[in-house]
Structure formats: C-alpha cells, structure tokens
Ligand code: ASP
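Single chain ahead, by itself, as structure tokens, in the form predicted on its own.
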C-alpha cells in the first residue's frame, strides 16, 4: 500500500489535479493507494480572511465567499465536462453550509479557535470531494474517506494533539476492510473525542499522511509538491540550485527548520520513529527523481548537503556586567519567552557571560522586548543589565550536513565567502553536533549570501562576476566585444562566469539582472530608460549581486565622484578615468582606505599606459621592498603619435586632427596637448610610490602658445594651431638640427615631478619610440643603472579595453 500526500499547489488548478489523478491511476495499477490532499492552493487563507471579515461585521465576507464558491464550482466543471448534476448539487450543499457558518460568525461577531477550525476544515473537505468524484467519473475505483472519522484528537483547537491509540486502531481497522484501489483522504482535519471538529496545525496535511503511513507501517511516504525535491538552496533565489538526491532525517529537519518549505519537520515524526523513508516528488514532473529522506542517506563527496534561510528575524541581546558569574539569567530569560509562547530560533552566548543573544520571529519582537524588560525590571533599574537590545530586518542563513563535523574548514569557507562579498555577520551559532552552521545577516543580503555560499560549496568553482559599465564609446564597445568573445574561454579555463548586468552612456541605460544579451546589446538602447548616474548606482545596489564590479570608461568628474559610494556598497571599481586618482591626495587616499575597509577592489591600471602593466609593476616593486628612486616615461600615446607623425612636410594642425580621428586623443585634444593628462599619470605613479603630491605640485612646461592655451572652444583651438604653425615648425627644426626627436616626457625624481617636451638624442631608449607607444623606466635600488623598462602601445580602444578586461579578471581571480 502506498501513501501519497498532495499539497495545495498540486491541487491548485485543473491541470495540476489532472496530473494528480494520472499519478494515482498509475500507482493503483500495482497496489492500493491512499492519497492525502490539501485544500486548493490559497483557499485556507481565503477562508480565514472571510472569517475575519465576518467577525468584524464587514459585509465584504460575502464577496470572499463568492470567490471561494466560484473557484470550487469551476474546478468541478473543468474536471468533469459531462458533469453529473447530483455531484454539483452536493458540492453546492457543502458550500451552502460554509455560507451558513460565515453568516453565523457575522451575526454573533465572534470567531473562536473552535469556530476557526470548523471554518478552515471546509478547504480540505471540498478539495477531497471534487478530486474523488472526478476520479469516479472517469471510471477509477476511488472512494473518499473523511479523515475526521479516523484521526482522533484532544480539544486543543487549531493545533490538536493526536490520540494515537484510538487513531491507529481506526486507521488499521478501516484499511484492513477497504476494497477500493484509491482512497482520497482530506488532510489537516480531525475530530476530538467528543466529536468536535479540530485541525492539526501548520503542516497538517503532511501530518495526516505521516499518521496514516505510520499506522499502516508502509514501505515509504511520498510528499508530492510543485518542486522536484529539496534543493541545495532556494531555487527562486539561486538559479544554480538543484535537487538533493538523498538526505538523512536530521538533514531534512534542519533544512526544513531553516526555511525549506517542502517539509514541515514536526509533522513527519510518526514515520521518522519507524524509519519509513520519505520521498519528495514533483506533481508537474512525476518522472523526476526527487529527494529521498531516510536513515541511510547516501553520503556524497561534499559534506554540505544544503543551504537554507529564515527571513524576518529579530535579534534580541540581553547584556550587562551584572550578569557575569551570576547563575539564573538564562533560565529567567527563556522562561519569560516560554510564558509568552515565543519560539526561540537561534541562541548564542559570549563566553564572558556578559551577553546572551537570541533570534526570534520579527513579528514577536515588540512583545518579547516588553516581557523581558518587565521580567528584568529590577536589574535594569540598578544598572546591572541594560534594557533588551532589539535589532530587526535580519535573516538567518545556514549550512546543513551530517558530515560537516568530519571535515575541517567548513566554517572558514562559509565566512570567507560571506566576507569576500562584504556581507556582515551579526551573530553565529553552531551546535556541538556540527550538523548546522548558522549566521545572522541583513535581510537585503540574503540573495547574495545564498548565491555566494552555493558557488562556494556546490558549483564547480565557477565564480560569477556581475559587471556594470558606464561609458559606451569606442573603448566601451571594444570591452563588450572582448567580454562576449572570451565568455566561453573564461568559464572553461578560469572558472569565471562574466556577465554584464548594466550599461549606460550619456543618454540612456539598460539593465538585466540575468545578464544582458551581448549579441544584440546595442539595439536594446533604442527602448532604454534615460541615463542617470545616481539611478545607475541605485540599481546596482538594489540588485545586490555577489562579485559586483563598476567599470568607468568616461572622462567624467561626475562619474568619478561616485566611486566612494560604489565602494561603500561593496561594488568593486575598475576605472580608466584618471580624475579620481589625480584629484587631491586626500581624495585619492580616501578611495584607497575605502577599498581596504570594505575589502572591495579599486583598480585603475589603465590610468597609465592603457593596457600596459605599469601600475601593477610599480605596486609589486614597492610591495616587495624595492625603493623606486626615479621614473622617466613617455606616457601619452596621443602625444607620441603626434610628434612621430609631425614634420616639416606635415603641419601640426593636420597631425592633431589625424590623432583625434584615429581615436588617440580625448574628444577635446586640448586635454592631451596641454600636458594635463601626462601630469595626472605621473602624479598617480608618484602616489603609488607612496609620495604625497597634488596636481599643482607637478611642474608643467607647456609647448603650446598662449593663443593655443587660451582658446575658448575646440574649433577655436584648431584655428590657433593653423595660425601658430611657425612655432611648431621651430620646435621640430630645433630638434632635427641636433639629430634629436621630440618626445613629451614625464619625470619623477627625489619626490618631485615634472612634464614637458624634450629633445631626445639618438641612442636614448625614448628615441626609437614609434607610433602611439608608451615607455616607462623605473630606476630602483635593485635596478640602479639599467632600469626596469615597460614598453608598448599606450593608446587605442583595443588596448585600453584589454587593460580594463585584465583588471576585471584580476578581481575574478582574487
């Protein structure tokens, strides 16, 4: 004999009920089947709501009743196209009884626990009737048996306690004589020894199934729901979650206690005592394996079986110096909560005995606070202890697994994963059995925490990076192209799943929490919302995804001003925008400090030399204890391109135009030609060498004329270049006469820095620097005579994008 329980979602629609009937028909061909059914999904809540409206003299209870009536009549009609009028009449009679009960509640303005039990019992009575009659109409050997005739309880209404001696005798006696292949039992409902209607409380349908299965000592109990078993984590929050093949009773209880809604622990105690296996199955996918819960669960390689969570937790802390060494505080605290019927979900106590911390349902926080403060009123008035401290909007995340106690480092991995994502842990609890490790965190961090932990313990070490890009110009387009091209490679070879979640330009912005489709990203901007820097930040913060990275590919001061907020919200920053790092030293230091404080990377390799590893090399030199004494560099790819192409045969104006056209200069070429860009770069290098300098400390020897420097617009600037061509030809001629080449050079020496145009003689490392290349020479204690040289392309969309990409990957490998 098989016992199957079908929950509210399994009987929540015509299609689902048809699936239930199909499953029962298949089972009944082999042996007798008992099906315990819940009320139609949502009906119990609707019945309670109707009762509350009636009690409060609100005639809207009639509308609530009509909705309930309509749902059930439609279900019966849809399931039975050739409906027997007698069946419909019987259902309408039952609904009329429900209406009479609601009318009575309305008239006497009272809804006692006894009446409430009678009211909600209609849910299971109606659903079981509809299912049984639909099966009989299809020629199946089915019969509905009222569970109230079998399960006998005391009169503790809304959560009655079962009299197992009478109940087991009733169940065995009935099913010993029962001849039908399929028996439909309404779950949740029962009767007291005096014949009054009672209910079995939360999880009552599971309880009914467990009581019947245990009484008949069946081979297994099947719980049918809308998911294919118990999952490694909540699949609504963790896309990568998957069904767990096998669990021990204890593991299943822990997962259920911590939020897994598939099973309610207390209700399965009858089968647990008899070691009857429980199978969790999916009504919508009956062939799926589901989860088997038994005493001999299969042990997998991973000691962690699942991750679960409880939301809306309040943390209560009782603390004070007067508690130390004084026995009885814990006893009084928990007695107070017990008297108020407040369940304690989590307990942790400092070894100093200075404080006790407990987690409870947030809805009970105020009542608990008032009761505890009253209980310890005397000690509080004498300042022996503090008034109870209450923190709300918290959640518990928990790792569960029987074998965790046999493996070292589980807690370390758990808290490392949370810490790397800057998820603050408010309290920790771990029992001596080590089947459960719990952490209290902020509600808003639950999704990120579950995903981070699932990634740590259940995925093939694939790290998901979630990227937000501001600035979709030439460099931005190249970066997106590179990310799309390398996505499979990164996932296969580096175990990095790189997704772009948000993009914005100066006009519009787009988002997709699951990752933007990079094959047609540009077309999505046609229907995008208006761009807003603060709105872009808010969306990134609200998504609260693990391993989030903001990439700035602009030259905007407004965007640079946002870095601190991104870092404070645990979102890493990757920037080719030099403004933030070249601003005041205090601001530069603030961003470095925020990066350390929030354990959130702030990378800006492309600030100097585009894709060249200049900053990283300098950091490594400093970190390894080397002392950088001098830096000489050509740091402007645009200026190098200009002076390599400018000659007595090609005027300066046309050369600058060409550089701008080919994307080597900023949109405003004055930024490059003024030397301010190079000054910022050498300033950043000086700061990375632990030198406190500001931009005004950099000596800037400009090669431009006064007219060039004072131009009021880009067009005006180009006009002055034409007018002052003789000036530039003189610069070229002077260098040529000395067999030198013009290079714009940055220098740092003995704590001072300067930039300017230099005549570089033949044989110098800078002399042969071609095209848009950059070069940096580091003279250090370890490289005193022959400098460490880094040389390569220092401008261009491709190499700048690759530098940004490298910083993103560096964060992924952290």
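Because the structure is predicted, anything quoted here is derived from the model rather than measured. Numbering follows the first chain given and starts at 1. Definition used throughout: the rigid core is the maximal C-alpha set that superposes within 1.5 Å between two forms.
There is also a form predicted together with the named molecule; it is not shown, and the following applies to it.
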Using the pose of the named molecule in the model of the complex, placed onto this unliganded form by C-alpha superposition round the site, state open if no ligand atom is within 2.4 Å of a backbone or C-beta atom and blocked if 3 or more are. open
Which residue, 650, 589, 202, 627, is the contact with the named molecule in the model of the complex, using a 4.5 Å heavy atom cutoff? 202
Note which of 44, 28, 780, 55 lies within 4.5 Å of the named molecule in the model of the complex, where distance is taken over heavy atoms; exactly one does. 44
At 4.5 Å between heavy atoms, is residue 774 in contact with the named molecule in the model of the complex? no
Heavy atom to heavy atom, is residue 188 within 4.5 Å of the named molecule in the model of the complex? yes
Flag residue 50 as yes or no: does it have a non-hydrogen atom within 4.5 angstroms of any non-hydrogen atom of the named molecule in the model of the complex? no
Can any non-hydrogen atom of residue 34 be found within 4.5 angstroms of the named molecule in the model of the complex? no
Could you tell me which stretch in 731-739, 664-672, 202-210, 162-170 has residues with non-hydrogen atoms within 4.5 Å of the named molecule in the model of the complex? 202-210
Do any residues of 106-131 have a non-hydrogen atom within 4.5 angstroms of the named molecule in the model of the complex? If so, which ones, in sequence order? 124
Taking the rigid core as reference, does the Cα of residue 189 move 2 Å or more between the shown form and the other one? yes
Is residue 693 one of the residues whose Cα moves 2 Å or more between the shown form and the other one, with the core superposed? no
Superposed on the rigid core, does the Cα of residue 121 end up 2 angstroms or more away between the shown form and the other one? yes
